[in-house]
Structure formats: structure tokens, C-alpha cells
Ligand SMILES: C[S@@+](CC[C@H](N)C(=O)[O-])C[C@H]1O[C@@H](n2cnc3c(N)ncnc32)[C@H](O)[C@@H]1O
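Single chain ahead, by itself, as C-alpha cells, in the form predicted alone.
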């Protein structure tokens, strides 16, 4: 009656091959490639990176980090999938709201149409927060537009859909939620008249084509630099500064984005 304890697991030929060829020992080359491409460093999170990339490889039936590295150099779709997998993050509306209030004040003082850059934009909460705050302050809808960029295509897909959970809107008043969202099956769906003020672009800050999106009156770049080492932070800062129409206008960095 206990014979099933003695049975050996039978693997298919493909499974046997994978067991033999799997090599997930050294993730350093993947880490360096990812840093070179995106600026994001995992120097203090090597164990987490190794675990996540191993899982990614197994999901994609890739037997080693070296095989993955060779593949993403030629396969743009696979490369984007890895970027999406490693840069997933969560945010919420009206995060670090004091800075948004300051932006609102500056925009009102301009008294003209302004262009605002939000980099990164993640799943859309920050650029949409800016729109809501401006409208709540009485700024004319025709007097601003927000461009949101991010390297994560999954995040931008969610941003364009603009469907959120209660935890994402927890900082908004009930009045604002009723005014700007439609509640359906526990989801909070942002209304189209807010979405039309934001354009999302899949873009890498360090790509030479980044500057082709134009210059902006105000630049938001909060909680991105925390993922960079010091050298990359300074490089990112220099690029963002070059995107300003007015070189005297400060950039809105996150409280954790220390130089």
C-alpha cells in the first residue's frame, strides 16, 4: 500500500535536458546589461534580482542567464518583457501632494498653456493626480497638457486603461472620487475627460531619442533616481535638466531621490 513512495519521477526528454542545462548561478552580466540599458541598478539587491530573473527564465523556457542575455540582445519583445518584469511598481493618487500643490501654484501664475513632463509615469496615478489638482484649482483645461513616459509597457497599458483599486485612490476626497471616477465592481475607473489631458509614451530616459519628445515648462521625476547609482543619477539629472524650456525652473524630484 506504500509503493507510491518508492516510485521515481519520470521526466520527459525536454525536462531532462532542462535539468541538465539550467545555469542560473551568476546574474552579474544580466545586472550590468540592465543597468546599461535602463540605468536601474540592483547592486544591493542581487539575491532578489537573481530570484526574479531565474523565475523569468523558467517561465520563458530559457535554460541559463547566458542564454537570456544572448536572446534579449536580438529579441526586442523579450527584452521589453524582462524590463516589464523587473520594473513593476505600485503608486497612488496625490502622493507627496505638497509638490503637486506647488506645481499648481506655478501653473496658475503662468496664466498660459504649459507642458508638463512626468518621468516616470508608472501606472498613471501621478500624471492624473496633476490633472485633477489643476482642475480642482480652477486652471482652464486648455491651459495644460501632461506627457508621461515610462520604460514599462505593462504599466503604461494600465495607465491608458486607468482602472484602479480603492488603495490607489485612498488619498482623494470622496467628492473628488465621485467627480472624476466611475465605480464599478470594486474598481475606480477614471473618466475620459481626465484621461484626455495625458499622453503616455513608452520611452527610455537614456535612449538618444528621448529628447525628441520636446521641451517642457515643468518636469516631474519622482522616485526614479532611487534605483540608480550616483553616477547614473547625475546623468539622469543632466538629461532631465536639458528638457526644460526655462533653465532656471527647478525639477520636482522625489524626497528619496538624494544626490
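These numbers come from a predicted model, not from an experiment. Residue numbers count along the first chain shown, from 1.
The following text describes the form predicted in complex with the ligand, which does not appear among the structures shown.
Next on the checklist: For the interface check, one of 142 to 150, 161 to 169, 102 to 110, 175 to 183 should have non-hydrogen atoms within 4.5 Å of the ligand in the model of the complex; which one?
Outcome noted: Going through the listed ranges, the match is 142 to 150.
Item to check | Touches the ligand in the model of the complex: residue 132 (any heavy atom, 4.5 Å) | outcome: Output for residue 132 is no: heavy atoms all beyond 4.5 Å of the ligand.
Next on the checklist: Under a 4.5 Å heavy atom criterion, is residue 33 part of the interface with the ligand in the model of the complex?
Outcome noted: Heavy-atom contact with the ligand at 4.5 Å: absent for residue 33.
Checklist entry - Is there a heavy atom of residue 60 no more than 4.5 Å from a heavy atom of the ligand in the model of the complex? => result Result no; residue 60 lies far from the ligand in the model of the complex.
Checklist entry - If you check in the model of the complex, is residue 227 within 4.5 Å of the ligand, heavy atoms only? => result Answer yes; at least one heavy atom of residue 227 falls within 4.5 Å of the ligand in the model of the complex.
Next on the checklist: Can you pick out, from 219, 203, 190, 27, the residue that has a heavy atom within 4.5 Å of the ligand in the model of the complex?
Outcome noted: Going through each option in turn, the one that passes is 203.
Checklist entry - Listed by sequence position, which residues of 72 to 106 have a non-hydrogen atom within 4.5 angstroms of the ligand in the model of the complex? => result Contacting residues: 87, 88, 89, 90, 91, 95.
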